[in-house]
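The data below hold one chain only, encoded as structure tokens and taken in the form predicted alone.
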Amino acid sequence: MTQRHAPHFPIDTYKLANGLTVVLSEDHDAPIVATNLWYHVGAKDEEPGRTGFAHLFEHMLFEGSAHVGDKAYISAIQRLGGDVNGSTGPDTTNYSETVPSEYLPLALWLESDRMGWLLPAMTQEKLDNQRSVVKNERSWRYDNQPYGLWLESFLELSYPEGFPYRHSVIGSMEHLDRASLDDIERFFKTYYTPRNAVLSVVGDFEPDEAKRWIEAYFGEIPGGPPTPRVQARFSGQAGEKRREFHDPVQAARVLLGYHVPAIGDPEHYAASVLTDVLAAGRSSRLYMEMVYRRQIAQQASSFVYPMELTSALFLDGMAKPEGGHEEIEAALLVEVEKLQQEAPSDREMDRIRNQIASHQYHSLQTVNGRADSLSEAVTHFGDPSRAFSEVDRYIAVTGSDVQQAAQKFLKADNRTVITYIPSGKEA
């Protein structure tokens, strides 16, 4: 096996008195700097009957705060030529900015203002407006999107009632309709606090200056109460689950979902590499067999949906317009069986390791990618250096590890099948 070593960059990690974790990483190759703020809150932290709050806040934090005008946050960054983004997942919510170096103080101040002074600017009108935005997003990305309900269906079918991952990130529109300003304020005060956040700054800056700005802008924000942590154990799926959709789609599609270990578990890395063996690139097994040789699919993929309590692994095949779903499902299961019966060859594993290393190293070369990886590493593992060493854990996976993961996790009683059948075709 070829030895590979992830690139390392300077890291300075410390905490403010209010509990905010700060990670600084200098890089003077280009006159840009990225800020990345992760809050350790996602869909799993929402109370029953109050789903969708974390995603709603992703929108609300762009609506302006006590010292930033309504909807002025994005324009303040973009008019400098910078990039700004935000996202919500099952476990975390993050916000990022990439700006020319001289505007780092502005990026930090904007981020601090919505952490410390969002609630004074919160109004019923803003809440109502963002509820409407989320409803439109729900309609566009889920209800009226071809194949849009597959993940939500998997979560609902495969997790038991009350389990934190049973609902989607976007949540229930009925729950959001019932949400009051008091509900929103309570959720914000619980989770959007310095002690529940990680701020990473990567790029062209002077550390002493950056520390002064961070202390000046974030230091006076109260740390907040101890953050509650969801503790739940997934005991496994009891038998195969299935759901069919007869929708006006152009082609049949089959998704096979399996439960696999959570982020950080040694077997999580084997499960992730397993998906690369199946579907990373045009020389992968699913592509070569289903798309190239047999020509029964127009696309085929496999991936892991990483989560903190338990993760999920998916195989996805879309038939050609004239094809059927039965053939796609059978072909996916054949590839699963092959992997269970025989480990990938050394040559195949070397190809996968090269692809993993290339992807990981490329991500770390960008200031925004590195800032995101640093915040993620601290949030999940409490250790920023994991941003650079995680790739070694994937590369260390052997063909035997992949085969064992396929045997252990890709079993019928751990499987959920979501099938899309074009309207008018027999099931």
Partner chain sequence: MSATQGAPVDRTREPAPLQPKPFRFPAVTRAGLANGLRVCVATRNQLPLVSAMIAFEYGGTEDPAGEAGLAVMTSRLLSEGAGARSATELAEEADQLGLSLDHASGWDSSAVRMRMLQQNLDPAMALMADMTLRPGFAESEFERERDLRVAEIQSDLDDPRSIVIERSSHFVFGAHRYGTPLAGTEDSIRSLTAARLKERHAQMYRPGIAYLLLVGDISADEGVRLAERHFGDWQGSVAPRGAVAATPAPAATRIYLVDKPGSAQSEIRIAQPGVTRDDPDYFKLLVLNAVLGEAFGSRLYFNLREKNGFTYGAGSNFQMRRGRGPFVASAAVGTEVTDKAVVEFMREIRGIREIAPTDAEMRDAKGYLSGGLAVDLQSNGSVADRISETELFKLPHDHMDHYRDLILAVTSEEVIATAIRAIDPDHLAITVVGDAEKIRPGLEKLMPVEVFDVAGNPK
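Keep in mind it's a predicted model, so treat the numbers as computed, not measured. Positions refer to the first chain, counted from 1.
One more form of this protein should be noted, the form predicted together with its partner chain, which is absent from this view; the next part is about it.
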So its partner chain isn't shown here. In the model of the complex, which residue out of Q130, T275, T310, S168 has a non-hydrogen atom within 4.5 Å of it?
Q130
Name the single residue among M173, V249, L119, A330 that comes within 4.5 Å of its partner chain in the model of the complex, judging by heavy atoms.
V249
Answer among 264-272, 134-142, 223-231, 334-342 for heavy atoms within 4.5 Å of its partner chain in the model of the complex: the stretch 134-142
I have L255, D392 and F409 flagged as a candidate spot, so tell me whether each of them has a non-hydrogen atom within 4.5 Å of its partner chain in the model of the complex.
no
Whether R212 contacts its partner chain in the model of the complex should be assessed with a 4.5 Å heavy atom distance threshold; does it?
yes
Might P105 be said to contact its partner chain in the model of the complex, defining contact as any heavy atom within 4.5 Å?
yes
Is there a non-hydrogen atom of L61 within 4.5 angstroms of a non-hydrogen atom of its partner chain in the model of the complex?
no
Any non-hydrogen atom of S235 within 4.5 angstroms of its partner chain in the model of the complex:
no
With the partner left out here, which residues of 383-399 have a non-hydrogen atom within 4.5 Å of its partner chain in the model of the complex?
none
